[in-house]
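One chain comes next, on its own, written as structure tokens: the form predicted alone.
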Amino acid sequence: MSKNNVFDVLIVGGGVVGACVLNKLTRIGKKCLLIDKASDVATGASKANSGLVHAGYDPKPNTLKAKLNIRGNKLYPKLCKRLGVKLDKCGALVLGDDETQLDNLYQRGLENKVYVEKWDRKQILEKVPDLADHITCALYARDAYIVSPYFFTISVADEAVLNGAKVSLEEDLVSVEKKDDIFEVVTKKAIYYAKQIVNSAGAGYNEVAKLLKAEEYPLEFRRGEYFVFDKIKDFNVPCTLFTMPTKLGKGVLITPTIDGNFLLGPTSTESDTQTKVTSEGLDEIRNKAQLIVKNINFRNAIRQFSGVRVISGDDFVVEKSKVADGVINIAGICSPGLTSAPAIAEMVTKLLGFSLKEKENLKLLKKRVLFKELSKAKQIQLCKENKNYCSIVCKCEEITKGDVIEALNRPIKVASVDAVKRRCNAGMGRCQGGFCFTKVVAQIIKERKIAYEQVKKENRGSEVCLSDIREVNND
């Protein structure tokens, strides 16, 4: 084992928290590796959530959730600007008909030093004309944002790779052993060496903790189901609309997305780690959403999906292991995990014993600009320079072959249809990939130089085909 083969930090888990930790450590000059069992980063809870950067009025004051939420919210604008990731400060309204409950939430917001206002029905109607009749009051949080959770995660990880970090996907952990203060991490693909390890494996936290001989925690899994609505001009929801939070979470919400669609959901159902959508869950969303705004036409829904959040008690777990020297435990990162991720990365950096000061002259990630976002003049010029931008792959989202090729040539190399979708939106429109799926597959084959049978829809086991039917017939 050469010193050159030893990583300063090995991170297990490629969700938004793991990606942010990788990014921060790389920017301070540490040699880092992130491994994940999936075929891409952001394939778990980090892709299947509401995409909200919370203002911070809801967490119990002085908890890790509160502190990291508020710090994370402040970090997002500068971070997204650097990464070229869209961030919209649309604000949020928590709606209700109980003044006492509203006052309690307002006081919590003030205690957390968050800008909040109490609104009456007249003020709410000016912003939300289709407001349900029973709603009389609201808490307005000015500093709430929306972001693409998966593209943010991808971009954070891409920037780290651009500056020297390593990301290895489809890694299955076999064993971890510490020898002479160096961890030997054995996977089915390779053996890695690291001075310190960060366990940010999300739903798989305890499985990794066992191998690390670190603390295990009781984990609760709650499934949240959603409707995705088409980009509808007459759906008058200009900001995120919540109902009053309960012990089970922030409840069903209605929010615009950064790409112009609308999300309705989530539910909060005790579950295992499997994502699924149920008729009961969708009925619950239909019923509760109608209590927020009137006249919702669910025929405009183009997709349903679910995600599973991981909960460990009432607060986040971000700590140095007391029983496994050199290990950082990160567990139970539910809402507001997306918001808190950049702040968690700072906290982890300090726990590892490092300064937050970043290196100079770091490489900047090339900003993603889709062909459809360019002016007509620039589109014409680009088509003259590169004919791939003259060919439409996804008609619903107006995504060109050039956009798909650029997505496949970002720093982290992927080979699944959903990975391309998360990078350039191909397949996210009304037909949900019905017309562009095979075109994306064809481009993956060409760019990755792999066989049709090697292309996946998402993770291992989701290969788009098993074999050529002619070969089967020849048998």
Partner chain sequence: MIKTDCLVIGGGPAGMSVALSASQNGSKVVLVERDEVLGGILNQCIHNGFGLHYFKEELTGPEFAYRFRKMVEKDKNITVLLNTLVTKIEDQKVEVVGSVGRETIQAKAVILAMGCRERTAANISLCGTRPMGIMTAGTAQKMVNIDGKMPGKDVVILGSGDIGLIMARRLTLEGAKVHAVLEINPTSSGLRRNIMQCLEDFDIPLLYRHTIFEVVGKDRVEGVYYGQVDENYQPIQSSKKFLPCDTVVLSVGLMPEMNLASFVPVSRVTNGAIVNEYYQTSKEWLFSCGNILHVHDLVDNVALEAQQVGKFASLYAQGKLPLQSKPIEVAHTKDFGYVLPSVVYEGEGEVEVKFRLKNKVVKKTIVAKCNGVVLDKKFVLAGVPGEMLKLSINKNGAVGKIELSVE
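Numbering follows the first chain given and starts at 1. If you're wondering where the values come from, they're calculated on a predicted model, not measured in any experiment.
What comes next is about the form predicted in complex with its partner chain, which is not displayed.
Candidate site formed by A301, F437 and E463: every one of these residues places a non-hydrogen atom within 4.5 angstroms of its partner chain in the predicted bound form. When you look in the predicted bound form, the only residue of E220, E358, D315, D230 with a non-hydrogen atom within 4.5 Å of its partner chain is D230. When its partner chain is considered in the predicted bound form, only one residue from N295, Q274, S175, T100 comes within 4.5 Å through any heavy atom, namely Q274. Note that among 376 to 384, 315 to 323, 192 to 200, 113 to 121, the stretch whose heavy atoms approach its partner chain to within 4.5 Å in the predicted bound form is 376 to 384. Its partner chain in the predicted bound form is approached by F371, whose closest heavy atom lies within 4.5 angstroms of it. At a distance threshold of 4.5 angstroms between non-hydrogen atoms, Y389 is in contact with its partner chain in the predicted bound form. At a distance threshold of 4.5 angstroms between non-hydrogen atoms, E398 is in contact with its partner chain in the predicted bound form. A residue is said to contact a partner when one of its heavy atoms sits within 4.5 Å of a partner heavy atom; V237 fails this definition for its partner chain in the predicted bound form, lying far away. Residues R430, C431, Q432 of 415 to 432 are found to place at least one heavy atom within 4.5 Å of its partner chain in the predicted bound form.
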